[in-house]
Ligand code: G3H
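Below you'll find only one chain, the form predicted on its own, shown as structure tokens.
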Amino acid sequence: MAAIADLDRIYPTFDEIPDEFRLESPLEQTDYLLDGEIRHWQGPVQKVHSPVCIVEPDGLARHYIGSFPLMGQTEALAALDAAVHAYDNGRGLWPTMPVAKRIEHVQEFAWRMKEQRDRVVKLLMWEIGKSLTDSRKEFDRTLDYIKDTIDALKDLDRVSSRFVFEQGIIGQIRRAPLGVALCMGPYNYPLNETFTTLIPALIMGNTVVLKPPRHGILLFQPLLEAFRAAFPAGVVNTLYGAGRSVTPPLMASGKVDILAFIGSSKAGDVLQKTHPKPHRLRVTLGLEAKNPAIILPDADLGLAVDECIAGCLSFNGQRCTAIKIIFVHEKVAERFLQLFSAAIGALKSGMPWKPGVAITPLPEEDKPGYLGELVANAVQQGAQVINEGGGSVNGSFFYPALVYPVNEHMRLYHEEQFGPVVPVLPFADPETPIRYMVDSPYGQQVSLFGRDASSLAALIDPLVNQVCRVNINSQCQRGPDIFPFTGRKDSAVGTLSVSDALRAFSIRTLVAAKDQDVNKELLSTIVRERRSNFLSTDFIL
């Protein structure tokens, strides 16, 4: 196939890179935001090489695109102290600010962020190998998320802008911030997923230490000035370096009130255990998933293949919501594999800026080797790579592998591959995939493909108690962002959506008084003379 034939020629020389997509020079990231000031790092740095390899006279080389600070405990605690000071036990400017004013600050940030679209998109392509189309989508979706979060908060605040009279008590119930948040996003959606915790944390009045992911740090540099200009000093503080060096001191201090982390459960567990006061720590975690697809014998195979191709291989399968294992009924398995294999062959492979590209280089240096080990383990135990050239490697590029039949003795059955390897299992009894999900440590989503209402209903009822989203004739996915996004078991802690996230980063708080004339007069005076930001009947339009 053409895709395989072109694999040896997939990387460009530097001169073959279109001018509009070149990085003019490496981005030596020395700036960081601390206590309202952009400061300059003069210590050790970590060099950053792109997953995009360049053909050079002596062979392939990952293109050098910049560096970032390797901070340590001292810098981590300085960022934390700035956030703690800005929160000031809930008495700081930001946590006591009226909701409408905090919204204005977030809107200003979004306006300034929009100006950096082209720079951030280009860095997304170069840092993590995401296609131009998907990089633009990630940026634009992030701006949409900010707008939707603002709208959701307005709705929430309007509901709260009244007094409640109940059983002789007058009360006003609002949501108040929790304190200092440590926000850590994943490399696969370093902008969007980070902002799905950062923005609600900020807009609810918390102060933040922002630790970008290891892959996807440079793209935050164009946003530093927007953070500095839009928010009061200490409200946002950036921290760079190896997570194992800078995050344990933060948690061990006991001063982090909210941990918002998207990554591995192993790392999440370590961070939680490091905190000396676990019952005071609010946790929102997005962790691993091994989302199955179940292809019933009456499924529309064309539709199923289209959805599973997107579900398995969008951004090379590097999504927690990706379909990572497929159960196909034995009556249609052969035809499904034929169609799926052909669909892989039709995918365009290449550099992120190529129009229509679907498969791109992988950012993690050890990922091609790891994926190769998974495929080799399955083949050693009786599976086959169905598609031509599946599992071929060239530098940081791994060509998708369709592996069949997979069984419970293979690593692919259990491990979250987080890459372009598609394990497929045949089944005769629907109890087989149900049992897989019951026994799985993960419980995020499942996709069901079929046309018989009775058969689908018989699967829906048990599976909604195993996962948190059942998709009918469609791929697993996060959006729309107004839908709850969470998981059972080891897949998540807490729920994110534009409305759920506001609640995750705040707590219901009320002011109450007995329904007596003297109290009514006091409350009326406070509200009428606008003496309190909490006690208010202002209505945000």
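Just so it is clear, the model here is predicted, and its values are computed rather than measured. Residue indices: 1-based, along the sequence shown.
There is also a form predicted in complex with the named molecule; it is not shown, and the following applies to it.
*Asks:* Work out which of the listed stretches, 470 to 478, 497 to 505, 49 to 57, 31 to 39, brings a heavy atom within 4.5 angstroms of the named molecule in the model of the complex.
*Replies:* Going by heavy atoms within 4.5 Å, the stretch is 470 to 478.
*Asks:* Quick one: of Glu75, Glu307, Glu193, Glu127, which gets a non-hydrogen atom within 4.5 angstroms of the named molecule in the model of the complex?
*Replies:* By the 4.5 Å heavy-atom cutoff, the listed residue in contact is Glu193.
*Asks:* Only one of Asn188, Ser396, Thr149, Gln172 gets a heavy atom within 4.5 Å of the named molecule in the model of the complex. Which one?
*Replies:* None of the others qualify; the residue that does is Asn188.
*Asks:* Closest heavy atom of Phe485 to the named molecule in the model of the complex, within 4.5 Å or not?
*Replies:* Yes.
*Asks:* Taking the named molecule as it sits in the model of the complex, is Cys320 in contact with it (heavy atom to heavy atom, 4.5 Å or less)?
*Replies:* Result yes; Cys320 sits at the interface with the named molecule in the model of the complex.
*Asks:* Although the partner isn't part of this model, could you tell me whether Arg141 comes within 4.5 Å of the named molecule in the model of the complex, counting any heavy atom of the residue?
*Replies:* Arg141: yes, in contact with the named molecule in the model of the complex.
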